[in-house]
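What follows is one chain in structure tokens, specifically the form predicted on its own.
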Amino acid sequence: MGRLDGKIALIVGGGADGPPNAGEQLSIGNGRATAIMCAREGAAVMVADLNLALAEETAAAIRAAGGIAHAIACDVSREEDCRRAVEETVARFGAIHLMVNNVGIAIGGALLRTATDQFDRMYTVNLRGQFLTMRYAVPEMIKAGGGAIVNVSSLSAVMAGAGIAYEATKAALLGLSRSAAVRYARDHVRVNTILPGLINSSMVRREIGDREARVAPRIPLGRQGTPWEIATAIVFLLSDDASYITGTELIVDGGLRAGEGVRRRDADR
């Protein structure tokens, strides 16, 4: 018996665009790992991604393992796409109970090195898109008797160093989630946010390459996290195991934030 048996899940950003890790046949990112794990736990999954082919890859992997999945293209910067992703999920599966917003981009840099159009683009994708998908999904969840949403933020929401637009939008996502959580708690819709730390995902390998040796010494657990560890945390928050958890943030970072002060103190010795 799976923790998500009988549930319908929409995973926004469920593809994976980047080289596979060593030993992987299929490239795995946080969204793809989450979609696959939701299916393993019994959910029927709608995989949405900007790149339909990548969403199809995820759905195909789920079906090959005996799960139920369908794919749809979704550009979260377009309100019509956000609405259609929710409507197609309900049309194909009959309802929507769970949603994960895993979409995010990183452009620009520090305050004086970030153009206005870059900041606007980051807001549109990293915050407005999540607002839109929730705006269309929450009424359907209420119709279905309740549901759960997990928005994927970043450790950069509470720590500096990743660029002003990225940090600002990821921090704003915490407020977006809390507001929706409190307003719709009586409708049995839970909303939580997960803050991944340094994760060895397909996107990281595409944008940065292999950074394990460089960043592992910063992390108290001594290594980067995996997309499967992020997916495990997300599935927990989606499941009834987290039935009394809403409006909160879960940091999954191997102790990175907690250990920064110790690391800096040791460096000063």
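Residue numbers run from 1 along the displayed sequence. Being a predicted model, the structure only gives us computed values, none of them experimental.
What comes next is about the form predicted together with a small molecule, which is not displayed.
Trainee: For the chain shown here without its partner, which stretch in 104-112, 136-144, 174-182, 83-91 has non-hydrogen atoms within 4.5 angstroms of the small molecule in the predicted bound form?
Mentor: Within 4.5 Å of the partner lies stretch 104-112.
Trainee: Would you please decide whether H97 lies within 4.5 angstroms of the small molecule in the predicted bound form, comparing each non-hydrogen atom pair?
Mentor: No.
Trainee: In the predicted bound form, does S243 come within 4.5 Å of the small molecule, counting heavy atoms only?
Mentor: Taking the distances in the predicted bound form, the answer for S243 is no, it never comes within 4.5 Å of the small molecule.
Trainee: According to a 4.5 angstroms non-hydrogen atom cut-off, is T232 in contact with the small molecule in the predicted bound form?
Mentor: Output for T232 is no: heavy atoms all beyond 4.5 Å of the small molecule.
Trainee: So, in the predicted bound form, is L54 in contact with the small molecule at a 4.5 angstroms heavy atom limit?
Mentor: Yes - in the predicted bound form, heavy atoms of L54 and the small molecule come within 4.5 Å of each other.
Trainee: So the small molecule isn't shown here. In the predicted bound form, which residue out of A148, A71, V76, A165 has a non-hydrogen atom within 4.5 Å of it?
Mentor: Selected residue: V76.
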